[in-house]
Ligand SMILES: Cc1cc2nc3c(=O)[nH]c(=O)nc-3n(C[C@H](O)[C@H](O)[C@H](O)COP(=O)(O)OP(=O)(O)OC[C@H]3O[C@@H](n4cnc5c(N)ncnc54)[C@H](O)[C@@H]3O)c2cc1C
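Read the single chain below, which is given as structure tokens and is the form predicted on its own.
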């Protein structure tokens, strides 16, 4: 039961990123986490560092205008620089390496990848992209499944939990207080700021940052109307005695229900594929994901799966992050829709910048279109399941 300048709900990459920014600027900060640091999507994701957002820049230009689209691109590029600065300044070894391949699952999507690459080069001066034809793409990752791809030399992979633990250690060294196993139950705004009621009592703060993504458990209806938790699953093979990905560090394909995979530092294949939109997880996670793995890598049929796990990630209807001021002294960033490992630390930093008086990037992010999910809390899961079933059918079309 203490008073702080800023309280943060959520001990993931967003919340710890905000805490790190603030304590390095002498702000008194407390983070409360319902479970343990990294228990949510920040510690369970596939670790792929992607450029941009889930929508291409042409879509963003059409929806928001060219000026705002360019500002958003600059922020996404700034997230890469932020990641590199975090790693170097805090001496964090998080297996960061570049070379991410985007693989087209049909000819139509290969044409789209090439046009998107040309647009990024011509309009955004982004020159870290290289077209790989069908043979080059499949050779790069030892498969026969794709029609071509684009290698992004400015994107790559990172070990998310090593990154998060390094950030948390740095935040603590600079004065942040982190309370694990402290679930927020309710939020009350008052004339002095915000009172956060949790399982063990309450804390008071002048400002509150809600960074719980898909794990808020009914503490804020505005965020939960726009950010829906879905379950995603990942497996890791035994250590391989051959190089499965000779010309890429990681890869993801162009399916709506995306397959994503990377070669780890100890030469395992880490593979994510398959999602669930209900609370019921598959009884056999390894078997559930392995089906998708073998479609791409039938040669791994006899390779052992040594690790399998799942977790919830926050998605929004437009697959764009939800960044808003949602009260007199309450702010939130969440709903990264699968791209949080890069964006979340920087969006946390941007929340910190906003608290410190520089709201420019926060205001730009707040313009991203993120409507409520249709159906409200009762019907949004059934409607999402129906929509995703439709898109999964489209994924199968040539």
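As the structure is a prediction and not an experimental result, all values here were calculated from the model. Residue numbers count along the first chain shown, from 1.
The same protein has a further form, the form predicted together with the ligand, not shown here; the description that follows concerns it.
Stretch 335-343 is the answer when you ask which of 335-343, 64-72, 363-371, 22-30 has residues with heavy atoms within 4.5 Å of the ligand in the model of the complex.
When the ligand is considered in the model of the complex, only one residue from 168, 269, 313, 113 comes within 4.5 Å through any heavy atom, namely 313. Think of it this way: in the model of the complex, the ligand has a heavy atom of just one of 140, 308, 87, 219 within 4.5 Å, and the residue is 219.
In the model of the complex, no residue of the candidate spot (96, 146 and 148) has a heavy atom lying within 4.5 Å of the ligand. At the 4.5 Å threshold, heavy atoms of residue 55 stay clear of the ligand in the model of the complex, well away from it. For the chain shown alone, residue 296 is not a contact residue for the ligand in the model of the complex, no non-hydrogen atom being within 4.5 angstroms. Of the heavy atoms in residue 182, some are within 4.5 Å of the ligand in the model of the complex. Contact annotation: residue 211 falls within 4.5 Å of the ligand in the model of the complex, judged by heavy atom distances. Of the residues in 95-116, none comes within 4.5 Å of the ligand in the model of the complex through any heavy atom.
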